[in-house]
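Just the one chain here, laid out as structure tokens, in the form predicted alone.
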Amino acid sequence: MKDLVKRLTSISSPSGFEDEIREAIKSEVKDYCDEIRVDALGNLIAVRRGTGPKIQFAAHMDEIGMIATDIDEKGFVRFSNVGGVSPHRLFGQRVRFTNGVVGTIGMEKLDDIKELNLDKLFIDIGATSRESAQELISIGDCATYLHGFDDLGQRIVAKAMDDRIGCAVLIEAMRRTEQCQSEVYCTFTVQEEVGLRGAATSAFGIDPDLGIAIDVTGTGDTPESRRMAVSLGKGTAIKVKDQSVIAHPKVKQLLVDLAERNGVPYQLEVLTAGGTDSGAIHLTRDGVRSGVISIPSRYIHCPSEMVDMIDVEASVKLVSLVMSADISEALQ
């Protein structure tokens, strides 16, 4: 699992530019599905055939990033955000454009740090003029954090854990699940960070009976953190509510019952800010009963996001249990 997470998080694929991560995931899952396809928006859909209802699992492939908006006469690149990028986390960070060009984020002189916003920042790619910079990148090119994977033992740190760790959980569950009672659609979605777009289109095409997103969630276990009853190392998190979805009670109970019957450690999660692909899936067509399996994570949308392998393993087990379970009661 750690090697898989390292491979996935090393790839630079911000929202709208998911080609490289999609090809990497396709190579990981092609031997564990009956059908694999890519839809018009770019979602990767791996299907495991079964005789029961249709379940859609959704883990998003994209990550937050920066997009070049202008290049000044000295070759400094101005940029805007792709997804939830905070200016206060950017100064001095190295970034890598999807074409491989590396830069460092600099900042204009400020009298008060409270004045900091994206307009006060720029990317220095080592160019000496607008012309030399334009030989390296173009307006509209995207970049992501340039940070490596570190193994801390029980815990691991990398950029883009949101949501490459969810992708890794779904891939590993596919590997471990020998037989599915339901017809399972493992969807690796695009453009989640800019509005759950891949989930909306893929769910419309699949028309599932039940939808489950696999994504990260915050924790309340760091010094003076926002109060939240989720901690690293205490198991997978079963969502009750976030800003995009109220988990269907029967789907939440299905997940709780499977976890308790099979000794999978879990926590109940209420997230007061943020959402997941389930926010789009549950509104598809005439509605889809939906829930979320979350991997607790510290420092979400920072260059170094941290997860605990206990929680990752528990999440894999729960996803695999849903794949092989009779879900008919949850649909009644």
Partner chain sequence: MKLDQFLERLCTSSGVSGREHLVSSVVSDLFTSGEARGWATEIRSDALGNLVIRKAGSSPSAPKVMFAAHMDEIGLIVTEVKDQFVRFDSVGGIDVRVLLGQEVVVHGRRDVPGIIGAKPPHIQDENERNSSVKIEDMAIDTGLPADELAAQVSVGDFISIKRDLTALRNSHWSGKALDDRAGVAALIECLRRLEGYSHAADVYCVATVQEEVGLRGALVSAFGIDPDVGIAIDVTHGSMPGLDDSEAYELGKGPVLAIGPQVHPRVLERLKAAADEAGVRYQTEPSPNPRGTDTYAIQMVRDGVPTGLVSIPLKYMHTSVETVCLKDIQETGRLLAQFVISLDSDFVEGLKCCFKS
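It should be emphasised that the depicted structure is a prediction, and the values quoted were computed from it without experimental measurement. Positions refer to the first chain, counted from 1.
This next part talks about the form predicted in complex with its partner chain, which is not shown.
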query: in the model of the complex, which of 23-31, 293-301, 266-274, 38-46 comes within 4.5 Å of its partner chain (heavy atoms)?
result: 266-274
- line: Among T177, T98, Q181, S244, just one has a heavy atom within 4.5 Å of its partner chain in the model of the complex, namely S244
Listed residue that, although its partner chain is not shown, lies within 4.5 Å of it in the model of the complex (heavy atoms), from L110, A229, I139, V102: A229
message: When the contact criterion is heavy atoms within 4.5 Å, does A259 count as touching its partner chain in the model of the complex?
response: no
query: Could you tell me if L283 has a non-hydrogen atom within 4.5 Å of its partner chain in the model of the complex?
result: yes
Contact label in the model of the complex: H248 to its partner chain, heavy atom within 4.5 Å: yes
- request: Indicate whether its partner chain has at least one heavy atom within 4.5 Å of a heavy atom of V288 in the model of the complex.
  value: yes
query: Which of the residues spanning 183-208 lie within 4.5 Å of its partner chain in the model of the complex, based on heavy atoms?
result: F204
